[in-house]
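Next comes just one chain, in structure tokens: the form predicted alone.
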Amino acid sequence: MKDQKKTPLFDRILDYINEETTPFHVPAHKMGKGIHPKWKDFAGENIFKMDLTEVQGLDDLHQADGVIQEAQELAAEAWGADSSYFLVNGTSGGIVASICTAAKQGEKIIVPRNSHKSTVYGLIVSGAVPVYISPEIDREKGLVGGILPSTLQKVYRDNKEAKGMVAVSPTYYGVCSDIKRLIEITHQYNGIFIADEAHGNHVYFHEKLPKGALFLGADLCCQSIHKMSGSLGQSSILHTKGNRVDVNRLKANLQMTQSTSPSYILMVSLDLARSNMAIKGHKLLEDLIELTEKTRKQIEKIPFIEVLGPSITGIHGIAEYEPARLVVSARKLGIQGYELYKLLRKDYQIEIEFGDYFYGVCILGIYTTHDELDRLVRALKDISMRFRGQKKPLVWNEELPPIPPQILSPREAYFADVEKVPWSRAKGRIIADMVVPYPPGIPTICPGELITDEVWDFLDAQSKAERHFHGSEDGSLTSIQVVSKLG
């Protein structure tokens, strides 16, 4: 067992600073001397002294064999991986590198329809061909559920040559699929299982939380440590486990997807966050889970306000619910999640993570306090009183159209000549964009697919109902990017 109290990268950087070496190297601010006085007055000087480059003794992220390697090995032990790699371009860079490692140009890979857009970028860079798999949908709640193992089994039977699968668990909303079975099925077909665990890096440190994908046998696992475990924004880790991954190929792909001038401040934050979670994570999460459960019960008692919780498990492919977040809805008051997002900020000085048509997502984090949660509860109580009876409740129960035919791969669509056309003239064209209506928050159409009559009619109806869209330029469907010519 390694000593998780150790912070090798942080300690070596402090040693370097104390040596008072004259810096004839980048960055140009020369260990803080060139930072604007306003910034230094606010932040102090020491943080800028840590903004270094690959000087002697500080190792090289792309060829790590010193203190960065030691810090990564500590991370691997903390999360139960065989090897771990620091990411300074966020989890998105790790997803792209993982897809490029699992599947090459023209090879198939199974992709959930509700994947993060970084998955599409991975398809574009690698040239891999997606085989889309649809998660279950709770139409009454307007919520994307999990992926059924039986659905994956059928997809693999029809695509035995697929090189693996990408899965998102938990989702933004805390929804977890039956990852254990999905991994088992993927391995039955000799595929590589890539876990997008951006919102689940903390689950390894408390038994009351869902089991992590690495624990369940995932081959590659990408985690946003900054989302729940206290590192700085944009800092993430990519883990590997087992012998299915070509590690040398993965390292090469990480060099392609990461900066050649990686931030040492971001890497130090990963080193320190890992140590903190390994030593204190269980207690921090115990406190957070207790606070969250108490707050969830308080919100459940507020008239016309809903909050997601473990009760949603067992249906719509939802195997488990990750409880260390609060996903609330004021739809019974006729208030959209976007409106709730803005209302909480404007009238109550509460900034939540995200709002869609039905839901507002509150990411809590390990240092959330009772007073902060009490403020949220009081705000929701006030909103319940202020707005009751003013609007009709929001409803959504539409049937999604079939996934349209894929004419081009995402890479081919990306590099094709494109043109912007009015939505009214888009029917029958090959789309170069992704269009994601909320609800339910999964793409109706992805790059390279044909805008069929069913897709056009569905999206047009959603637009007339004033639903919000991700992927289109202005959140509406006034115009769309399509492929102008083939070849």
Ligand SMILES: Cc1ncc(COP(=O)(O)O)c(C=O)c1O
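Numbering starts at 1 and follows the sequence shown. Nothing here was measured: the structure is a model prediction, and the numbers come from that model.
Unshown form predicted in complex with the ligand; subsequent notes refer to it.
*Asks:* Here the chain is shown alone; which of Arg331, His239, Arg274, His199 has a heavy atom within 4.5 Å of the ligand in the predicted complex?
*Replies:* In short, His199.
*Asks:* Could you check which residue among Arg296, Arg113, Arg411, His116 gets a heavy atom within 4.5 Å of the ligand in the predicted complex?
*Replies:* After the contact test, the surviving option is His116.
*Asks:* For the chain shown here without its partner, which stretch in 190-198, 367-375, 306-314, 288-296 has non-hydrogen atoms within 4.5 angstroms of the ligand in the predicted complex?
*Replies:* Contact-bearing stretch, as computed: 190-198.
*Asks:* At 4.5 Å between heavy atoms, is Met165 in contact with the ligand in the predicted complex?
*Replies:* The answer is no: Met165 has no heavy atom within 4.5 Å of the ligand.
*Asks:* Would you classify Lys141 as touching the ligand in the predicted complex, given a 4.5 Å non-hydrogen atom cut-off?
*Replies:* No - in the predicted complex, heavy atoms of Lys141 and the ligand never come within 4.5 Å of each other.
*Asks:* Is there a non-hydrogen atom of Gly90 within 4.5 angstroms of a non-hydrogen atom of the ligand in the predicted complex?
*Replies:* Yes, Gly90 is a contact residue.
*Asks:* Considering only heavy atoms, tell me if Thr186 and the ligand come within 4.5 Å of each other in the predicted complex.
*Replies:* Outside the cut-off, so no.
*Asks:* Judged by heavy atom distances of 4.5 Å or less, which residues of 221-247 approach the ligand in the predicted complex?
*Replies:* Residues within 4.5 Å: Ser224, His226, Lys227, Ser236.
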